[in-house]
Every structure is written in structure tokens, then in C-alpha cells.
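The chain below stands alone, shown as C-alpha cells; this is the form predicted alone.
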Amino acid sequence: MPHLTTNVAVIGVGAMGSAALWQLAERGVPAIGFERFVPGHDQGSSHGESRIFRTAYLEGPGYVPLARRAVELWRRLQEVSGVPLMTENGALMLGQRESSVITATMRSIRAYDLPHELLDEDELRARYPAHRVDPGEVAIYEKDAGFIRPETAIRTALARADELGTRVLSNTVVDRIELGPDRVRVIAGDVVCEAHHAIVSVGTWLGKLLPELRLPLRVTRQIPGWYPIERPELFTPDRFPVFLRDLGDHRRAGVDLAADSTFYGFPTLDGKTIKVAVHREGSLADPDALNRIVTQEDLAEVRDYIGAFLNGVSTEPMRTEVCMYTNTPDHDFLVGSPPGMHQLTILGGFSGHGFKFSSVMGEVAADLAVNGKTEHPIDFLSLDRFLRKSAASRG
């Protein structure tokens, strides 16, 4: 039985785990990564060609400092690697002036005095003819936003970590984690790894790996699609910022949508299609038995929104993908150590709006693993908010 030793074991080498390995390697901290697939795979939540990044954050002002630092770190990785990871083509948040998308985004803008433009319906139609605009709709334009290439970002972070001496065991499923007073033992088949600390960033498998924590996580099925466009020149990155759109009165009858559900999309990267999807919790899913067959019923909702919100976009996709969200009840992340488990750092519940933060979450995880604390403002993401409730219900 192979027996390994290291300072930090990183379990799950997707968005967060790859960034954690990169940050540990930059500090010269010995670390080993464990990945059940091959890094950059399409079996979880970190694939699909593009992810939005923005700092005018409608999910809450608490995320703004983290978003700012995340962009700094993405730029640093891009510079040191020479690999293009980000396209800063701006972002549009669209909706009625009183909609949640507009009012929540403005709260973050006011809290941090973020640069932005507020466009009325006439300005919006003139600048972005690919968008259909209802009477009274406005848009917030954030210049310093855009999209990241997730698969490329993961592989680039790991390439940098590898360059600095970090090792990753691919196609290696971790069966269990055993805690000692000041050590962690990771068991993965016939591999045993002893470490001072473990960072657990397994995405949709978090509840299965650590069921004893009873974290209130929902894993749901998501279907982004790539839809043909009629006039590619209207959808290039310089003409078509990434966008998030409040559904307003266009919410589909019979579909249960949360108040923060949005229709979102990206510019064309191939000159033929654009990627669009609905941000909401989908049907419950098992990561080990995910239904990857896409039906006409699966696509009906997006087709409605394409027809309502976009000009010159076909409602018949050229291709689709199936991925998963892993969300907490409040849709905020889980970051930190469970009570009595200082040897573990948990990174979870990121799906839907987390990828952009993976660079800074890697830095946070490295801080916690090495120093037991971080200067980043993460108190609102503590596991305690759910574990206290879980303990009370058991007692």
C-alpha cells in the first residue's frame, strides 16, 4: 500500500482545489492533490467554456472585496503563465429599475463606490441591439467585468503548481478522511496519505464524503446551451458584454423560480453561437448518477427567454451540456473548519456564482491551512451558520 506524507492534502482538484494547490505551491508549502477524474474534466461543475466575473455583485456587498482580490489573482496567473484566461469585455445587468437584479447590484455599487454606467432603455437599445428591451427597463454596465475560461484556468493553475513541485493524483477517489490530534489521514483505495491539514473541495460530492457534518446542500442539474446567431458581428466580445437579466414578467408559468433567478449569457467565441442558460436551482441530482440526456422539455424554458430577450438568436441549440450546482439554503458559500476539526478546511456550496472566486478561495484555503486564519472577510461564509442548527436539531 503506497504511503505518502505531505503538509497539505487537497481533496478535489477542480475550481477551488486547483487554486489552493497553486497558492500553496507559490508559498513553497508541500502539497498533494487528489482528483477523482482528470483535472479540467466535464463531470462536475467547472466546465462549459466560460464563467462570468464581476465586482458589482448583486448577491451581496460582502462579496465585493473577495471579487476584487480574485480578479487581481487571475491577472497574476495569466501574467506568470502567459495563458489568456480572462476576457474583460464588460457586463450588463438588465431589468426594470425596481427589479432585484438592478437594486441589489446598486447596493454593492454604492457600498464600494464602484465605477458603472446606468443605461436607460433608449441607450440600451442603441448600444446593444441584440437585446430586446421592454418599456422601462434599464441596465447597469460594469466595464471591469467579463468572463473566465474555466477548464483553461484549472489546468493553468495546476501547471503552475506542478512547475513549483506540487503533485496531483488523478483518477483517484478519496474513500474517507481520518482525523488525529494534529494530523489527517487520507485514504484513497490502496493509497494512504498523512498530512498536517486537508483542504476538502470536492464540489457536488461534499455531502457524500463528509456525511457526518449534515451540511444542508442541494445538488441540482443544470443545462447550458449554445444557440446559433444570425448576425455574428452583434455578438462579438467587443459588442456583446456578458449579461444577467431579471426575468420580470417573463417568468415561465408552472416553473418554480427563486427571486434571484436570472437569464444569463456570453458573447460568441466561435462566430456561430452564444452560450445562454437560466440561473436557478434545477431538479435534484445525484453526482454519481447524473442524467446527461437533454430533452425538449429541458430546453423549453430557455427557448422562451431567448424569444423574449434576444434578437437574432435561434431557439434550437447547436449543442448542450449537463452540469451541476451545489447550493446552500442561503446560496452563500461554505468556507472554514467544522467545530472540533481544525485539521480540515472545507470549501463548498459555490455553484451558480462561485467560479470567479476560486482564485481568492485558493488563497483563503492556503491561509487557513498554513496559518489557521486569513485576513480576507469570510465570516459570513462560516460553516457555523448551518452546523449550529444541525447540532440543535439532533439534540
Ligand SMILES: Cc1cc2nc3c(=O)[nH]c(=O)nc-3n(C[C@H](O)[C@H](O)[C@H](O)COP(=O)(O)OP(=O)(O)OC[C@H]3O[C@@H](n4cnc5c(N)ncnc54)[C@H](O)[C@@H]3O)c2cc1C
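Owing to the predicted nature of the structure, the values given are computational and were not obtained by experimental measurement. Residue numbers run from 1 along the displayed sequence.
One more form of this protein, predicted together with the ligand, exists but is not displayed; see below.
- The chain is drawn here without the ligand; in the predicted bound form, the stretch among 22-30, 354-362, 338-346, 62-70 whose residues come within 4.5 Å of it by any heavy atom is 354-362.
- Of the listed positions (Thr262, Thr156, Ser201, Thr105), a single one reaches within 4.5 angstroms of the ligand by any non-hydrogen atom in the predicted bound form, namely Ser201.
- Interface residue among Leu290, Leu118, Val173, Leu164 relative to the ligand in the predicted bound form, by the heavy atom within 4.5 Å criterion: Val173.
- Contact between Tyr128 and the ligand in the predicted bound form is not found at the 4.5 Å heavy atom cutoff.
- Residue contact with the ligand in the predicted bound form: Ser45 places a heavy atom within 4.5 Å of it.
- Although the partner is absent here, Tyr325 sits close enough that one of its heavy atoms falls within 4.5 Å of the ligand in the predicted bound form.
- Contact check for Gln222: a heavy atom falls within 4.5 Å of the ligand in the predicted bound form.
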